[in-house]
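As a starting point, one isolated chain is supplied in structure tokens, in the form predicted alone.
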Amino acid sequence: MNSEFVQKWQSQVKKGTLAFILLNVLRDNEFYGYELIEQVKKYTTIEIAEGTLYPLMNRLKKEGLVTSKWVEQESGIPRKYYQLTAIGVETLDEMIEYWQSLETSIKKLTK
């Protein structure tokens, strides 16, 4: 068994699907960074670090898929909330369509 190969492959799958996962989490709600990490944990087995999350969120923002806004908190520390844009929703719909097609193909192969 080549567990090193499998670990590298899993890492690549995680990197390749993380944006898709985050866009899905943001589909119906806005969240700040820590909440996003918690939502990913809630729905997946993926551990995501802040050092991974924030650069990815900046890239999604640059692509016009999400927006962000600072919200003041009673505790005094403002939080940056992320939300999908209209283009983000359209892009996510396209990604879901592709994912479902890919999933169907993989299921056929792995039976």
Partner chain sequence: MKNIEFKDKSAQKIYDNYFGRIRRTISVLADNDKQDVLMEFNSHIYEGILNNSNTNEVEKILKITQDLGDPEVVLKPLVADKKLKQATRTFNPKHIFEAIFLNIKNGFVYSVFAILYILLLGFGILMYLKIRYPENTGLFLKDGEFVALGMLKTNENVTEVLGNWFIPAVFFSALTLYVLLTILLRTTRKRKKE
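None of these values were measured; they are calculated from a predicted model. Numbering follows the first chain given and starts at 1.
Missing here is the form predicted together with its partner chain; even so, the following discussion is about that form.
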property	result
Close approach of G64 to its partner chain in the model of the complex, 4.5 Å, heavy atom	no
Partner contact for R27 in the model of the complex: its partner chain, 4.5 angstroms, heavy atom	no
Close approach of Q83 to its partner chain in the model of the complex, 4.5 Å, heavy atom	no
Non-hydrogen atom contact I37 with its partner chain in the model of the complex at 4.5 angstroms	yes
Heavy atom within 4.5 Å of its partner chain in the model of the complex - qualifying residues of 1-27	none
